[in-house]
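Coming up is one lone chain in structure tokens, specifically the form predicted alone.
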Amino acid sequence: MVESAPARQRSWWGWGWADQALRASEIDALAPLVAAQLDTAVQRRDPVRVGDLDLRRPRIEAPAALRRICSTDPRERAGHAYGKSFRDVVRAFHGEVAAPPDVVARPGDETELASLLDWCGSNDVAVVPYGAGSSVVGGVETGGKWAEGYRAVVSVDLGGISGVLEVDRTSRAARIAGGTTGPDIEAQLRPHGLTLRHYPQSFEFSTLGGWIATRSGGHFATNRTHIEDFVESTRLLTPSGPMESRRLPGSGAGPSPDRLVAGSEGILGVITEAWMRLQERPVHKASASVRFADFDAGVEACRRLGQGSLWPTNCRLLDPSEAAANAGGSGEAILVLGFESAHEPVDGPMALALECCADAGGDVGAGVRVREQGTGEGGDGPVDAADAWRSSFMRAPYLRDAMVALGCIAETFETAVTWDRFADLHHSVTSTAEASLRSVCGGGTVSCRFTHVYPDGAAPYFTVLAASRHGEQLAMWDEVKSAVSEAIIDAGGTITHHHAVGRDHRQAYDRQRPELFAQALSAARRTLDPQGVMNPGVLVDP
């Protein structure tokens, strides 16, 4: 008899697959490089083993009718206590899991989910929709002051409600279950020659429902940048019943129910399925990297590209520090450009984009690699900055976890702002972060890149690396994060462009939104969730 291979395990405390994390020997080899960069000693520690956790006992037992879909297994509870933000990973790494969910539920269909929501609403049990657990803003955390008013907390994992359920080839759309992960969506659409083509950094460990609930930003750096651009209709299961919108290519019939669902972050109900607009799979692709002597020239090139209606698929500007760390740069900013099409070669749009970059002062000749795939052109030559950046991008969360093991602060924050305010925001946020790092950590590095570019503005994404001390990482980061958040809001930016609000951004979000809108959102919640059990503490107060 042939034994089946053991199921691959997710890391309970850190990012992604446990077998993809950096090994202790690799972290030890990394330590002197980090110490040299930060000019301070660093020390590796090992994460607490899940078997050594002293978890609080479950405070409630699921009724007999739901026990089949509910678990109180310690690893399950510990793994669902947090998402994957820096704050989450640090606490889990050190075994600080004070408030795990009492129960982890995995409904297999809407009937089981409806029964679960009914039980929770009738017993004062908070419901935290988990998605695939990749929230980086406290969106799936099961503890905190908000939880004190509830009898217990249930984390709802929608992995059992998944799959591409129906494909409408004529309309080029598909009905997809909310718990379907990115790889499964693409694998099931591939035989139809179609693609959703939404690739956030969390692609492998996030779900369609999670993308919609958090207004996820994805593959396209211009034009159709967020998941709601691809939503045709949604089905939301609320404690008051299902709410399903009509499939339409567009409508002017009042406020859109889909726009209410998108970004609702679990406070109104659980997204069980959605009809999504699809595309033909791209055949023609071109990529290039353009170097700029200074970051400001690259910013100007991005503004021209954003307003030039060329709609590059990739338009990610890396400042000199970001370029040196992730794209082989040596003191210059690098713009990573890409175009793709299912129908026509893209060498024409790429040539126009490169001309635009040259007019803004970019070096489009040295080290540029343009590839036209599907036409027999190009494909040879050295790996360029675009390839290096893509590889670094997907590996970054695992490297972040290694920094946690070394007792460092390694975190990001992102925003969006109009072009007229960008220079002031960039200066204010960078100088505030650097000053705060000097005050709190004795120094550190701050780098910036663009993730998305619009005709009227851009979405800058900042990365912070600093020395800290095991046991003080969270307090030190929280002080830096607070200062940076103030700077973002004061400079006219949004507290989040694509990471969502969660619990980490609540204070700044309260300042950003109109107060009457907050009241209207609370009223909508009271209608759909009368008992106030859905993801309390996120977006609005219970």
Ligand SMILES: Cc1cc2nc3c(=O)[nH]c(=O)nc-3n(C[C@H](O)[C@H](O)[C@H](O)COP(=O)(O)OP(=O)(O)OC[C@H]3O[C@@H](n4cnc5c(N)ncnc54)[C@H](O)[C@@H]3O)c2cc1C
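All values reported here derive from a predicted model rather than from experimental measurement. Residues carry their position along the shown sequence, with the first being 1.
Below: the form predicted together with the ligand, not depicted.
- Residues with any non-hydrogen atom within 4.5 angstroms of the ligand in the predicted complex fall in just one of 331-339, 67-75, 203-211, 352-360: 203-211.
- Here the marked residues 131, 134 and 216 all reach the ligand in the predicted complex, each with a heavy atom within 4.5 angstroms.
- Among residues of the shown chain, residue 81 is not one whose heavy atoms approach the ligand to within 4.5 Å in the predicted complex.
- The closest non-hydrogen atom of residue 13 lies beyond 4.5 Å of the ligand in the predicted complex.
- The closest heavy atom approach of residue 266 to the ligand in the predicted complex falls within 4.5 Å.
- Interface membership of residue 139, defined by any non-hydrogen atom within 4.5 Å of the ligand in the predicted complex, is confirmed.
- For the residues 158, 221, 323, 346, the 4.5 Å heavy atom test against the ligand in the predicted complex is passed only by 158.
- In terms of contact with the ligand in the predicted complex, the residue from 410, 437, 271, 302 that brings a heavy atom within 4.5 Å is 271.
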